[in-house]
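Structure 1 and structure 2 below are two forms of the same protein chain, each written out on its own as structure tokens.
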Structure 1
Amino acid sequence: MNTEHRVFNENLSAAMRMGEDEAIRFVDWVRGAAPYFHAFRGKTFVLAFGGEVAQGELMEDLCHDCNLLAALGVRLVLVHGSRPQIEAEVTRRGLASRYHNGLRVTDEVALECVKAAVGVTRIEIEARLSQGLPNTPMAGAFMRVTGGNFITARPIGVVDGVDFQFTGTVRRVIADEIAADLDQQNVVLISNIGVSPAGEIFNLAMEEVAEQVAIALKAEKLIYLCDAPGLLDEQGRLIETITAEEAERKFNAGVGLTEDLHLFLPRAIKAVRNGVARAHLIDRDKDGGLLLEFFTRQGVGTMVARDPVHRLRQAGTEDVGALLQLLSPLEADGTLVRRGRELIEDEISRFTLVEHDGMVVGCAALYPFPEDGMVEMACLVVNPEYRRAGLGERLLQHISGDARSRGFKALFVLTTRTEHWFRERGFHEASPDSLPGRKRDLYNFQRRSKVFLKAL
């Protein structure tokens, strides 16, 4: 047997040893990720990380993941920082660092340290990105890494009486040139330095460079790898998705922000307000974090989103399959009355759907009883994986609003299992006699559903 065959057979048996559950999960996973493969092709991602990541243990895996993204047709810009490397250089030379407001004051000697440290960091990242050993995810995939004088800078100047000297701020991003490089299928690597028209070099904050690059390139995503899993709520739970407005409120409240979040969150907010669709804050110590964030719907970090991830819309005939999928587990366990494809097809126009990134994850139907001035809300269902997002609430509000605007006076539901949910939302129990006549005739006494009613 030649080596190629042997390896193939070993792989085959490894795949079979996967076990059925694992194999099913794998296939589900790839299918679940497929919409994102399509969505990301040709889109620009700006990935920002500090010098800690560049010199850390996960850099190699990060390069593999970048390689994968590039292979999927993502236009990739990497922006790196060099703070620990600069720090080490300063110490090596027996000097001391000076900071003001979390920003280095770069005097002439410090600038020498910056140049040395940035140079070394950049070369090392390039080297990592250029690996291609057989048997690694980089095998056979050459990533051409380019960079250049894409960032012009100006001095920050004097702030609070402190002269920042060679610490600068971004003056302009030469976006056309970066885009031209990306058009050539290069990965663009940008360092945290910029040059002034007079030829002076400035030390820049990598988070600002990344934000400015993302805005100038009209990137789809700006991603910061940071020292925290993401933003946490008051209970210490991860906030998966947040709007720029909410994020700003969190930032101003200022509680529980790590050093990185403090620096990166305002940048993420600004980017999203200036056209970047999504900014992501991801744990830099989590191997595979990028893949989990990009290729699952929930992600692993916090996403600051320009547009709402959830969208309500009217169902159409093309949604029948998705609806059946959503309802069938609940019909199977008796929570809902079985409807069947034909009935759903007939009644499709009564359904409102809620989508998450284009996938149907919840629904509710409205049945009017105009002769009694009442409407029924039926089939309120949210996919269990999305139960924390308040989608049931949104569907209820939507249906109530719709009914109210059409002049109905009361909304009722029949439920066997979720009465507490309706009670908490202002419904009260009523007798089956209070139902509209037409509904009363259909009332299924065997199901012993409870009737809950709310005035509109």
Structure 2
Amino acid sequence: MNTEHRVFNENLSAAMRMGEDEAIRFVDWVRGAAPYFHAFRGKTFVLAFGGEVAQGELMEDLCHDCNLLAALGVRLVLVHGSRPQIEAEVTRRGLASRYHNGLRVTDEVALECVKAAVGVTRIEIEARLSQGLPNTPMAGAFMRVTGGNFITARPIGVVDGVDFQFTGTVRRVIADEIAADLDQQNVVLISNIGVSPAGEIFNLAMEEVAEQVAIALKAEKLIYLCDAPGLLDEQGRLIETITAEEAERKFNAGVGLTEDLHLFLPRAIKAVRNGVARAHLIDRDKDGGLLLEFFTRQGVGTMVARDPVHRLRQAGTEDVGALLQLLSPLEADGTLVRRGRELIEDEISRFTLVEHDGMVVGCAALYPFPEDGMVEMACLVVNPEYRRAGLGERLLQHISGDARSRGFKALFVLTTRTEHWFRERGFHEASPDSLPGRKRDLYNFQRRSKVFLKAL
């Protein structure tokens, strides 16, 4: 075989291996995303985005992702803004914009600009959502887009001596009519305008419309596409989840908030406090951000929830499958002693689980030795994608508190690979002779697990 043929075959083999690796990753991703497919089917998502998204490639990509969400059975309500389009129309007419506290002052002339810009923007969004060309992500799709006079409005009035005129606020959301359209598997598109019972038209803030619609529909999710990756901590790292209370403190501090976050965060907080299950802040420039946020465990934005998204609870027989899936990788590499399904079923009541948004991502088991006043913590496992969230610490604290309340004096663990983690949390190494008698008789000297003790 000459050199050229050898190089060609080597490159072909490498490409085939790469293709196999990518296929395996794809299969793993689909299987990992399957629980979310089931969880979100039939749920209502309210997706809000500004006029910056409603133009160019950003809208094209967003339509592709919305098409996929709709195909998976998600009930979609899209709320669009149009500030840059209105600004362009104001400029085209040789006018000047007026703002107060971040809100446009809409006089009669400005209202004409609002109506023109909103109308064109809405038509363009509908056209993008109606695509179905071959060789595109929307091939064969037909998204029925509906809308209507779902929002009644009233004037903001005079604030700080400034008459906002035709700038309004939401008075009522006709939720039953929106729900009826969603029941027909339509995608509902709502613009940032509202009408009064007297037939007046008002310019509304997109973020308020989205918040009020999500509350009225009791939506599963309110999503804002914004000019930031989400909320960041003091070190500039993304805050993946935050409670409404914590988010309010961060908003009041006012540090590190972009223009969009300053507008959207208080709306997200209010929404989750009024019945919306979750609110999300996602980077509008992140390609596939919606899919990555909702169909991967780590997500890519910030999720705001009324209460902590991590929950501890007692395991039940229905959790055996989830426990096996969580434990099996560590059993395979020798970190944990292998347990069969039958043993886990027999000992299921000993396990405490930690859930992230309804999914089991961690566990620990408690084995009491009352004759010695000691208790063992075993099977302390946290999904690798959640180890930075402090879930192992929470499980340890829970097990310790439970054992202490039952009168036990000491907690022990056996480990082969995580001794430093336990040392850092107040455990000290001990001899196998310090184990309770029943446990000492079962100690595996070939495995040579290290014993760590902690007084309760």
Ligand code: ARG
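Computed from a predicted structure; not experimentally measured. Numbers given to residues start at 1 and step along the sequence of structure 1. We call the rigid core whatever largest set of C-alpha positions still superposes within 1.5 Å between the two forms.
Matching each structure to its source, the form predicted alone turns out to be structure 2. Considering the chain as two rigid segments that shift between structure 1 and structure 2, L312 sits in a different segment from H262, judged by which superposition fits each C-alpha better.
Of the two rigid parts of this chain, the smaller turns against the larger by 15 degrees between structure 1 and structure 2, per C-alpha superposition. Once the two forms are overlaid on the core, Q446 shows a Cα shift of 7.6 Å between structure 1 and structure 2. Look at F369: with the core superposed, its C-alpha moves 3.6 Å between structure 1 and structure 2.
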